[in-house]
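Form predicted on its own, single chain, as structure tokens, below.
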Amino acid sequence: MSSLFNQYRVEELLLATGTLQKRLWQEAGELRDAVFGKEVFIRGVIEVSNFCRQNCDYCGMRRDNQKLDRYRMNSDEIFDHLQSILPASVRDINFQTGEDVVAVRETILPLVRRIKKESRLGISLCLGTLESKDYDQLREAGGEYYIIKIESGNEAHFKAIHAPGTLAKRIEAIHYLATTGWQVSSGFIAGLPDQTKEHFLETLNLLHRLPLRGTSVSPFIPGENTPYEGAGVMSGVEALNSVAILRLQNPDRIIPAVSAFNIVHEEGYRLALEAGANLGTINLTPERQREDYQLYTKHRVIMNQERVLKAIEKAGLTPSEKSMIRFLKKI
């Protein structure tokens, strides 16, 4: 555990600027380098479906958003698309949806089976809370890494923002996944409305205790056509400092730089890497669907290969030749 935690309270580190922030990020970066080297894993993501049965207050894909054009890609379409555009730097692929069980059973399952059979890509999935049998079938098909975020680690706040299901159910799912062969990642949103410092600390502590191989933080961005549309955007300081804190608390976890950092700061993606992140994601969703995968705004920053590689270089790091998932299996 970093000596910073002996000298400062976590809430002080969350708000750190100037010399203290520089020290925080430096220690986090050095710890990442000690475990993973000065390398950043690179994965691709395809956003398979924007149908969602949940109604989260912070998400533009919530089921009550009638202004969103819904889509659901099929497995052959995705496989052919990947074959034609997969960047040379990508070693893992992530398939992401709203909470759409139709897409899971009709698109994701056959797609994972085919990719597992015909490529060496590591396969990660972000599909929401499912039934145990669905997790098991996806694992048998070849899924290896499952991303299931909690967004807030305070039960009352989780309920107030209408996050999916219940916090207890999400935690139960994380434990089930971890005990059935999955490598699991979770994370939270920094700056959600009514999020107190106590919520922040409770969330960090919960994530630290859970059996995870990856942890993430995203800055809150007010979603179009959501109850939070008019809420303010946070400065990004707390979210970026959270990357460093997560690294110091969890040295051997995968921590992504997320594209939303570029909305709160022009160089936010690069700064997240400097603060200890070690995963970059290239968006491979076809352009005709990309605008409608509306987590927050249609005008999000799309991280293509050029932007990701440039951010990695500017952060003084190099793209990894290894698969994130294969690497984790060895440590």
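Note that the structure is predicted; figures quoted are calculated from it, not measured. Residue indices: 1-based, along the sequence shown.
Although not depicted, the form predicted together with a small molecule is the subject of the following passage.
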So which of E238, E144, E151, D100 reaches within 4.5 angstroms of the small molecule in the predicted bound form, heavy atom to heavy atom?
E151
Only hit among T107, T215, S218, Q183 for heavy atom within 4.5 Å of the small molecule in the predicted bound form is S218
Tell me, please, which stretch of 218-226, 127-135, 82-90, 239-247 lies within 4.5 angstroms of the small molecule in the predicted bound form when heavy atoms are compared?
218-226
Since only the chain is shown here, I'm wondering whether I189 would be in contact with the small molecule in the predicted bound form (any heavy atom pair within 4.5 Å).
yes
The small molecule contact in the predicted bound form: F41, any heavy atom under 4.5 Å
no
Find out whether any non-hydrogen atom of T203 is located within 4.5 angstroms of the small molecule in the predicted bound form, and reply yes or no.
no
Is S259 close to the small molecule in the predicted bound form, meaning a heavy atom pair under 4.5 Å apart or at it?
no
